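The form predicted alone is given below as one chain in C-alpha cells.
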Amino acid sequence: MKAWRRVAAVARKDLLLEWRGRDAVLPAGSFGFAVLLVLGLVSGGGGEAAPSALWVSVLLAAVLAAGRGADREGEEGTREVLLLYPGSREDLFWGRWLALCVVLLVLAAGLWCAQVLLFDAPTRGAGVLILAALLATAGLGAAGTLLAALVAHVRAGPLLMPLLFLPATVPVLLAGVRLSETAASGAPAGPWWGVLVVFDLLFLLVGPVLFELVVEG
C-alpha cells in the first residue's frame, strides 16, 4: 500500500470516530466557547481585545482536542493495533496530524463565528486571519500529535499534556494575536508570518522523526 493511502486510511479512521462520537469537538468546543465568553465579558468582547480572546480560546481548545485522540485510542485498545499497521510509523503520524488539523480548523472557525455573533468583533482582515489560522493549525496539529504520543504511556498523561503543549505553542499564540491585530488595523505584519512558518517547519520536520522514536519506545 502506498504511503499516501496509509495516511488517508488513518486520517479517515480518526475522523469517522470523531464524527460518530464527537468526543473531541464537543468538549473542546464547549471549553473554548466558555473561555471565549469569559474573556469577552471581561474585556468587552470586541475591539483591541478580540484577537487575544480568540487565540487563547483556540489554543486551549486545541489542548483538549489533541489529547482526546490519544485517550480514545487507549480506552478502545486500538493503539497496539495501529502499531501493527503495515508501513512506516511516519504514515501514522501524518494520518493523525491530518485528522487533528481538520478538527482544529472546525474549532477555530466555530469560535471565530461565535465571537463575531456574540461580541460584534471586527471582521476586517478576514483573509489574513484565515491564512494565519491555516498556518497555525498545521503547526498545532503537528505539536499535538507528537505530544499526545509522548504522554500516551504516562499515567498522568492528561495532566501532563497541557503542561507540555501550552509552553511549546506560545509562538503560535503571539503570532496569531499580532497578525490579527495588524490585519484589523492595516499595519505591517512585521516578523510574525516568519514566526508561524518557522514553527510549522520545526514541528513538521522534527515531529515525524520523534514520533517514530516515541511509539517504538
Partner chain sequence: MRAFAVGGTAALLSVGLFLALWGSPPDAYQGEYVRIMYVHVPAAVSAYGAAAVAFGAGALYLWRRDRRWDFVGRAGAELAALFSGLTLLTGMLWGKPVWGVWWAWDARLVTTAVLFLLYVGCLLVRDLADDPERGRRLSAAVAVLAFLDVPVVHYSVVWFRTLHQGPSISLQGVKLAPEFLLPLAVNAVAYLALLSVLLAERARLASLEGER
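Residue numbers count along the first chain shown, from 1. None of the values given here were measured: they were computed from a predicted structure.
Just so it is clear, the following notes concern the form predicted in complex with its partner chain, a form of the same protein that is not shown.
Residues of just one listed stretch (170 to 178, 57 to 65, 23 to 31, 36 to 44) have heavy atoms within 4.5 Å of its partner chain in the predicted complex: 170 to 178. Comment: its partner chain is not present in this chain, but in the predicted complex one of Ala136, Leu147, Ala108, Leu100 has a heavy atom within 4.5 Å of it, namely Leu147. Its partner chain in the predicted complex is approached by Leu213, whose closest heavy atom lies within 4.5 angstroms of it. Remark: Val206 counts among the residues lining its partner chain in the predicted complex, judged by a heavy atom distance of 4.5 Å or less. Among heavy atoms of Gly186, none comes within 4.5 Å of its partner chain in the predicted complex. Contact annotation: Leu17 falls outside 4.5 Å of its partner chain in the predicted complex, judged by heavy atom distances. In the predicted complex, the residues of 138 to 164 lying within 4.5 Å of its partner chain by at least one heavy atom are, in order, Leu146, Leu147, Leu150, His153, Val154, Arg155, Ala156, Leu160, Leu163, Leu164.
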